[in-house]
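One chain comes next, on its own, written as structure tokens: the form predicted on its own.
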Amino acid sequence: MSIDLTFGGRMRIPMIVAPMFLVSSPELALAACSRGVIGSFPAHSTRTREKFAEWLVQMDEGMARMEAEGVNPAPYAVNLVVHPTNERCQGDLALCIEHKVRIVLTSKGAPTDVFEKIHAYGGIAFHDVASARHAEKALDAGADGIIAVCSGAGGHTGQVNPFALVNEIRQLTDKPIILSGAMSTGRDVVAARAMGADMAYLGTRFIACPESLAPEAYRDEVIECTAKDVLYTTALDGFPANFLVPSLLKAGLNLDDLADIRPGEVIDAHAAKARYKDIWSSGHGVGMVTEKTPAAEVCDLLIAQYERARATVRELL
């Protein structure tokens, strides 16, 4: 199946505002969509299935309102954890089907039946991976595209350099590749396209936006930090992730102890969830966040940078 990544000409830049746990919101997603950028949020940011249903209604009403006003918004996307350990997966998937969510961003597992159900109503599924091996599994299961999560991404992250991972995945497929990791400008989106990706995935750049769900202290910390303040560790929940050093120190954690978990160490799931409440994440692109700018303005800036960079590349070539 060939996918029109302009979505009928609604995209002004080949970019997705990445779904960020406890940060992304319907307001943030709608602001991005209004500017021709795909907005998104994770289903699991809502504590109940009922709240997730409310968010989907809010999205549908917001999209309909924009179209009634003559705006052609970009589609929105929902991140769905499809690993068997996610007890809400099937219920949340049913809501995505009911609301005909155009793009589902799947993660942590790649079950064929989930992709089949998304395809049945006309949706598309982009699956996030951190290695070519996992990309191959997702493609075999029926994913429509691959989100390549590379070194420098915020939250749960990969460790592979983007040049290497994009090249390895491109050898496997001609389906869309969405590059994630350390990007924060429109120039970065052009670079992603030049190196073989079809779209870019930016999250950290939007944490400080007023529409995000991030606490004010989190927004302030993002503005104050640069890449040197980001620590990579697997110690919090057993998965590789990037966190802001100041928040770790304020929580009383020893950075040396967070270098990695010991072999065989068991992570307490409830303790890990509690840690996330006051410990904040970002990607290496955090240094480009310097103020609490509304999401629509950030999108406009990225689009302008993208167009200038495209012109510059044409001149260079």
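Note that residue numbering follows the sequence shown and begins at 1. Bear in mind the structure is a predicted one, so any value in this text is a computation, not a measurement.
Here the subject shifts to the form predicted together with a small molecule, a form of this protein not shown in this document.
Heavy atoms of residue 76 never reach within 4.5 Å of the small molecule in the model of the complex, leaving it off the interface. Although the partner is absent here, residue 128 lies within 4.5 Å of the small molecule in the model of the complex, judged by heavy atoms.
When the small molecule is considered in the model of the complex, residue 202 lines it closely, a heavy atom lying within 4.5 Å.
Taking the partner from the other structure, the small molecule in the model of the complex has no heavy atom within 4.5 Å of any heavy atom of residue 185. In plain terms, the part of the chain that comes close to the small molecule in the model of the complex, with a heavy atom within 4.5 Å, is 145-153 out of 145-153, 96-104, 161-169, 190-198.
A single residue from the set 110, 118, 177, 207 has any heavy atom within 4.5 angstroms of the small molecule in the model of the complex; that residue is 207.
For the three marked residues, 10, 13 and 32, no heavy atom of any sits within 4.5 Å of the small molecule in the model of the complex.
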